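Below, in structure tokens: the form predicted on its own, a single chain.
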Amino acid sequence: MMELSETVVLSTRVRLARNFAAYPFPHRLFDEAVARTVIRTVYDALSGLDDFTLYRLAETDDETIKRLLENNLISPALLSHKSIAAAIVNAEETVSVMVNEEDHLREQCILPGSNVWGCYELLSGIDDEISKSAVLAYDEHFGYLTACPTNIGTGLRCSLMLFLPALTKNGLIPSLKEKMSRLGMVLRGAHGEGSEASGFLYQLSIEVTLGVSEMKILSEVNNVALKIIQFEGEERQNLFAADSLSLQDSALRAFGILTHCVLLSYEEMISLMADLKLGVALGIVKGDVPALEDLSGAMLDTNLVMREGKPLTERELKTKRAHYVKSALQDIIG
């Protein structure tokens, strides 16, 4: 039987904001030669660690940029500095370093499940290697200096992607958001501030970086996550006790549609997957929630285009998605 945490915390992201002491911050970086020096310095530093790919945004095609965005390897803000910006991504696409976004460096690691310490350890190695190649902007009193004051200090942000169907259905998300706010944390939709929680997905992140250590930040996120996991687990049982037949019906209907449709939009798939994942989490259907989440990510438009190796029309995307989902679910769902 799956651990409860595996069905609640779907992924972990740790991010570090850094700047080089010798150069103007990106919003005042008007010399493209200096920007190229920053990019080259970072890429050379990372080349010995892993198989990294360098994407200079000014030279990268639109489809690739869209894929990087959809897979959270770059941010929309990076595109506003397209002429001087780059992304450096490892082969597994678990680590990406955005260069010349709001800060010279936005280093991030995304790993499956609840894994704040694994993300931090991997990212620390990246950060240490870069710091050997250039002096970072650091103040003994304030810590790491960043373009946005909210990042000053450790420059560290940690966030978790949470699957909270029971808390959502039982109307408890607003009160949970208030509790998180009092703890210096934010609970948002899956795609950040202002986004909706499609598929019952939420992003939990900590806002405080100044005056606390990196270990303190990670520990607080980890501890709060454990409480949310327990809270969601209790509400799932309440939900099941209140109306198990409806939950069974929703999960099996979702499975039926996903395995028999011939046209499937991404939005419809996310909605159906949410009901199926809840069914798996409650033991109504035998399966694996992380595998279902991985499948959802693989079915993004740009990932399908990359898989096919050619452009696809909207109709073709829906057809291919329906085909691949049906095939994959035969292996995931028992």
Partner chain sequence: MRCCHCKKREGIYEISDFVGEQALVMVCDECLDYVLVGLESCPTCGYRKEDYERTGLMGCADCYRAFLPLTMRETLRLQEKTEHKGKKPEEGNFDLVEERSLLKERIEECIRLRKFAKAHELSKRLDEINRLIGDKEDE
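Residue numbers count along the first chain shown, from 1. For clarity, every value in this text was computed on a predicted model and none was experimentally measured.
Same protein, other form: the form predicted in complex with the partner chain, not shown, and the subject of what follows.
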Taking the shortest heavy atom distance, is D331 within 4.5 Å of the partner chain in the predicted complex? no
Considering only heavy atoms, tell me if E235 and the partner chain come within 4.5 Å of each other in the predicted complex. no
Any chance N72 has a heavy atom within 4.5 Å of the partner chain in the predicted complex? no
Looking in the predicted complex, any heavy atom of N170 within 4.5 Å of the partner chain? no
Heavy atoms, 4.5 Å, the partner chain in the predicted complex: which of 214 to 222, 251 to 259, 238 to 246, 171 to 179 makes the cut? Say which one. 214 to 222
Candidate site Y55, K66 and A298: all three near the partner chain in the predicted complex by heavy atom within 4.5 Å: no
Taking the partner chain in the predicted complex as the reference, which of I152, I110, L264, L204 has a non-hydrogen atom within 4.5 Å? I152
Contact assignment for the partner chain in the predicted complex, among I228, L162, V89, L145, heavy atom within 4.5 Å: L145
Between 32 to 61 and the partner chain in the predicted complex, list the residues on our side with a heavy atom within 4.5 Å. none
